[in-house]
Ligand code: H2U
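The chain below stands alone and is given in structure tokens; this is the form predicted alone.
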Amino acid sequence: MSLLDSASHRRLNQLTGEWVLVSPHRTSRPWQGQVEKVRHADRPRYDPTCYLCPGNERANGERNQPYKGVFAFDNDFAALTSQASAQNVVHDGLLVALSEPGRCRVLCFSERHDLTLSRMSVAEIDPVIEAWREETMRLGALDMINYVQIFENRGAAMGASNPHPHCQIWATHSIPNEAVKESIRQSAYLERNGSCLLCDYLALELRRAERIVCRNDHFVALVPFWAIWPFETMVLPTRHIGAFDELAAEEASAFADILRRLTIRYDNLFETDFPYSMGFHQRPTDGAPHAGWHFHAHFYPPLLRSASVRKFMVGFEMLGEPQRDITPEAAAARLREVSEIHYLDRTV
């Protein structure tokens, strides 16, 4: 048993330069004991009260198209607007506020109210990935936009206000904090080593095979060495690409495959609609080359011991630094153990 398996230690997040405290001695098998399952009531294929279902009226009075497949529209309650005030505020260098124009979009994955990525086929997810690519390219081409952030909040536990399968796309003038940190670290690594940080990291993970969850010819899902959330994962392409617009056709389908397989594993872990916040980090659209940027996805799920036991960031984690008990290696092993056949599809 190594130090990483038994004693408290800190791990460096190479993408952000931040640390996480790991305390494996507190509980070596946090999933033992009663596993509480929460089976949500079956949702209908169409909900006449849902503001995202085809043909329904949204909160602002507009009516959705009678769409099939993906459907995108401007967010009715956008956090960013293209008409943001141009007034900046700076007082003594301490009170600083800057104008932030942008665009907010909503993208429905399917006309069906009862689906999630884990319940969709690869053929059904393919158009979602193509829509992500198109939205990235269209929004990123706007003069005022320098970053396109696509994210999905799944489940009420992660603040999702509607169970209809959908994600949000926020296109911002400024590059957001997390992307800035990752960009700085990736650029510095490239300058220092002459190679890509995440390419080298993925090669190391594939050699060690300790934290790999699943993979195919073009993508790998793994629990990062520096993971904060109990069953946090990262999805990486095996080829160095910077953003959605560089995905080849076969890579896009492989991406759909890996997202489906990973989200099925999440649902199967505690046999529930597994909540998470998921998003893609990709090359900024500010016109700079960003040669060191490696496209990837983050999954941040809050569940720890069962469908009803959540992990919260409190106390030391809010005032000091993030801390976890279950090691990333144990989390990866647990995710590898579960089936890729969705629990609702099992016949026995």
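A residue's number is simply how far along the shown sequence it sits, counting from 1. This structure is a prediction, so every number in the text was calculated from the model and none was measured.
From this point on, the text means the form predicted in complex with the named molecule, which you will not see here.
Colleague: Is Tyr51 near the named molecule? Define near as a heavy atom within 4.5 Å, in the predicted bound form.
Modeller: Tyr51: contacts the named molecule in the predicted bound form.
Colleague: I'd like to know whether Arg58 contacts the named molecule in the predicted bound form, with contact meaning heavy atoms within 4.5 angstroms.
Modeller: Yes, Arg58 sits close enough to the named molecule in the predicted bound form that at least one of its heavy atoms falls within 4.5 Å.
Colleague: Does Asn193 reach the named molecule in the predicted bound form, with heavy atoms at most 4.5 Å apart?
Modeller: Answer no; every heavy atom of Asn193 is more than 4.5 Å from the named molecule in the predicted bound form.
Colleague: Using heavy atoms and a 4.5 Å limit, would one call Arg112 a contact residue for the named molecule in the predicted bound form?
Modeller: No.
Colleague: So which of Asp76, Glu100, Glu134, Glu210 gets a non-hydrogen atom within 4.5 Å of the named molecule in the predicted bound form?
Modeller: For this set of options, the contacting one is Asp76.
Colleague: Sort through Arg119, His166, Arg215, His173 and report the residue having a heavy atom within 4.5 Å of the named molecule in the predicted bound form.
Modeller: By the 4.5 Å criterion, the partner-contacting residue is His166.
Colleague: Spot the stretch among 229 to 237, 252 to 260, 157 to 165, 201 to 209 with residues whose non-hydrogen atoms come within 4.5 Å of the named molecule in the predicted bound form.
Modeller: In short, 157 to 165.
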